[in-house]
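Below sits a lone chain in structure tokens, taken as the form predicted on its own.
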Amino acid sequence: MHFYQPERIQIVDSHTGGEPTRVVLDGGPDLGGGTVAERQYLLQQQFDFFRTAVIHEPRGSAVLVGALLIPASVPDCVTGVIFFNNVGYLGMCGHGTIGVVSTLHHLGRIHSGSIRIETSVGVVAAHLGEDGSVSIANVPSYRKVKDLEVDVPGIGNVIGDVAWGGNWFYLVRPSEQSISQDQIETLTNRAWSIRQAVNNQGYPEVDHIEIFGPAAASENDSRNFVLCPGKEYDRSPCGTGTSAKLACLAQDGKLAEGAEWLQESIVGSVFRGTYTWLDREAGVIAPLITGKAYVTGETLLLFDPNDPYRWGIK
């Protein structure tokens, strides 16, 4: 076992559009210096039991996304953050970043205005509005492959785009399929089968599947179902997934620079997305995602050395 043996870990829980974020304020392992990416690698290699203790049952649940706050290596960033979930680590997390900003505001560490946060895939800028809304200037996003056709066992041919929005997505071409809460089991099974087919076709980096359908509310542009790496669905519209969607829309000429896209989640929450071009020829955009988070609790996670499940049920 490691010298790091936590007895207490201080957390703040929140949700962004229904999707929970667990921010770890204190009690994590000493990861030394270096970039957030370097310290995330160290956490993964030497202290992964910290992740499972925070996220897995009996303290957590499979849907939780963790956010460990660490000092930033970039001087003008207010914090660094390492995102993780029930199966591993995330590059960037849109809903999680909104949750982090709202948590910092709840704690009195920041006020309305603009800040910068260092993640493992780069620095993101955020703006906290007077109304509590948070806008995230996400990492540069782009489409890698257009209209990739995959043969999915039990389903048939599926067509979609492979795109980067801070995580790798396969965005399934919109259809008339119902994107509703009573179809979650069906959508989960479908998305999982699609992911396996995409991975087997030569895209092992794709670990998020995004299925689209008509919005439930007339003022919104689209409704989505996003299956995350650990086979849990995103309750929010997914910040990195919306960024990937904006990149595809931009390249296809279906959404003008600066125009707003209202992305609805399967539970009805909405993110507002816009973009500016970074490199039109290469198809690279700078997405801006806006949503709201709400703090739901503050607590100490306790670790009894006699607890056989203190590192989580694996």
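Since we're looking at a predicted model, the values are computed, not measured. Throughout, we count residues from 1 along the sequence that is shown.
Below, we refer to the form predicted in complex with ligand PYC, which is not included among the displayed structures.
J.: Please tell me whether the candidate spot formed by His15, Glu264 and Gly291 is one where all three residues come within 4.5 Å of ligand PYC in the predicted complex (heavy atoms).
T.: Contact check failed for every one of His15, Glu264 and Gly291.
J.: Can you pick out, from Asn167, Asn224, Ser141, Thr103, the residue that has a heavy atom within 4.5 Å of ligand PYC in the predicted complex?
T.: Partner contact (heavy atom, 4.5 Å) among the options: Asn167.
J.: So which of Val134, Ile117, Val206, Cys228 reaches within 4.5 angstroms of ligand PYC in the predicted complex, heavy atom to heavy atom?
T.: It is Cys228.
J.: Taking ligand PYC as it sits in the predicted complex, is Cys93 near enough to touch it, meaning that at least one heavy atom pair lies within 4.5 angstroms?
T.: The answer is yes: Cys93 has a heavy atom within 4.5 Å of ligand PYC.
J.: Can you tell me whether Glu210 touches ligand PYC? I mean in the predicted complex, with a 4.5 angstroms heavy atom cut-off.
T.: No, Glu210 sits far enough from ligand PYC in the predicted complex that none of its heavy atoms falls within 4.5 Å.
J.: Is Gly239 part of the interface with ligand PYC in the predicted complex - any heavy atom within 4.5 Å?
T.: Yes.
J.: So which of 118-126, 195-203, 228-236, 154-162 is the stretch with heavy atoms within 4.5 Å of ligand PYC in the predicted complex?
T.: Among the candidates, contact is made by 228-236.
J.: Can you tell me which bits of 292-311 touch ligand PYC in the predicted complex, meaning any heavy atom within 4.5 Å?
T.: Stretch hits: zero.
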